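Only one chain comes next, encoded as structure tokens, the form predicted on its own.
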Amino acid sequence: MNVRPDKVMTLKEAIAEYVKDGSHISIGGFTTTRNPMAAVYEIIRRKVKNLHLYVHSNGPAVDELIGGGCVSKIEIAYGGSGKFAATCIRFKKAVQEATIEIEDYTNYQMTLRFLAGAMGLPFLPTRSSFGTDIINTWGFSKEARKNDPKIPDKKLVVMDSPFGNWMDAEKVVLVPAIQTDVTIIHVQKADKQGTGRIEGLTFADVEQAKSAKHLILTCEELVDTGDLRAAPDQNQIPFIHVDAVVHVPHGAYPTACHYYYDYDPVYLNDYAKAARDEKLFEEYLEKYVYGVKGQEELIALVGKERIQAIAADPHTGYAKNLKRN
């Protein structure tokens, strides 16, 4: 439990402190919404290697971490950026060429695995994935499981329900808990102590946050504790779970952050084109990741006109009249 009254760090400090070669990490967000992109870019710039990555259903953050050569193993339900890339491009390439190892679960199973970790349970039961190859196809070898104590001995277990056919469930699937070395979540608001507020859909972020040994929050706004205490029912991340708070405006860009900015279709389209070509992708990394020192420089590079175009309407939380194609 981390109860320090001030957990504010720079992004460089937080990533250097908690994300190491070989770390087991998870990242929040969903497809093109609230990916912790500033943190992802810092991880790539630091050339962190052999990460074991856990995600629910993520988009650009997964693709760029893999494309940047940071990931050796991934456990995931879905990786895609909607119409920009129905399946993440560098992720797909890495799986097809077997340069990373992958184990897949359903969306619900991944949520349950994070929830089990948050509850301190070794597993949780479900009926999800019956009738699919998710049960039969395992990605990690017995040797890999034996050599890494952070990987469970089995992907999942199918067993008879101890309650017979109660509720028409003769069998259940047990899925193992996830407890990461570090999880990185981007939120709209946080205070110096670490209380965090997500506005809009939370996806599996709260379960991920509570299942981590260490938690980094990047935030759009660093606010006074009193502002969050005025509406405590709207705060999902308790400060006791948080190790580092990093103030990074536009920290989810080019993905969306509800009530602050929409996703950038121009950036995501351009990225998709670059990701399909080795030379173009290297040029992309050099310009937009290695060529800037942080998110502030990236936003300046993109330009005011694009940033203004994705600014969120205060009533709907989304950009008005944005040309999404």
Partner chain sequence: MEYTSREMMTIVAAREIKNGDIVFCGTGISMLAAMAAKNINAPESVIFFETGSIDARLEELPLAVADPRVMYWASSNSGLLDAFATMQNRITGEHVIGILGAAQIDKFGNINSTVIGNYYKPRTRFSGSGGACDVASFVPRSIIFMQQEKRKFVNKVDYLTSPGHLTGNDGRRKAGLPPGGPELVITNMAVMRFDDTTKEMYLAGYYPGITKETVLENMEFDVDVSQAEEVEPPTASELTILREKCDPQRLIL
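Keep in mind the model is a prediction, meaning the values are calculated, not measured. Positions refer to the first chain, counted from 1.
Same protein, other form: the form predicted together with the partner chain, not shown, and the subject of what follows.
Student: Looking at T126, N235, S72, Q193, which has any heavy atom no more than 4.5 Å from the partner chain in the predicted complex?
Tutor: Of T126, N235, S72, Q193, the residue with a heavy atom within 4.5 Å of the partner chain in the predicted complex is T126.
Student: Which residue among E170, D148, D153, E221 has a heavy atom within 4.5 angstroms of the partner chain in the predicted complex?
Tutor: Looking at E170, D148, D153, E221 one by one, just E170 meets the 4.5 Å heavy-atom criterion.
Student: Can you say which of 196-204, 226-234, 179-187, 244-252 gets within 4.5 Å of the partner chain in the predicted complex, counting heavy atoms only?
Tutor: It is 196-204 that comes within 4.5 Å of the partner.
Student: Within 4.5 Å of the partner chain in the predicted complex, do T10, F239 and Q295 each have at least one heavy atom?
Tutor: No, the candidate spot makes no contact with the partner chain.
Student: Check whether A209 has any heavy atom within 4.5 Å of a heavy atom of the partner chain in the predicted complex, and answer yes or no.
Tutor: Flag for A209 set to no.
Student: T132 near the partner chain in the predicted complex, any heavy atom under 4.5 Å?
Tutor: Looking in the predicted complex, residue contacts with the partner chain include T132, since a heavy atom lies within 4.5 Å.
Student: Taking the partner chain as it sits in the predicted complex, is K83 near enough to touch it, meaning that at least one heavy atom pair lies within 4.5 angstroms?
Tutor: Result yes; K83 sits at the interface with the partner chain in the predicted complex.
Student: Taking heavy atoms and a 4.5 Å cut-off, does H258 contact the partner chain in the predicted complex?
Tutor: It does: once the partner chain is placed as it appears in the predicted complex, H258 has a heavy atom within 4.5 Å of it.
Student: Mind listing which residues of 288-325 have a heavy atom within 4.5 Å of the partner chain in the predicted complex?
Tutor: Residues within 4.5 Å: H315, T316, G317, Y318, A319, K320, N321, L322, K323, R324, N325.
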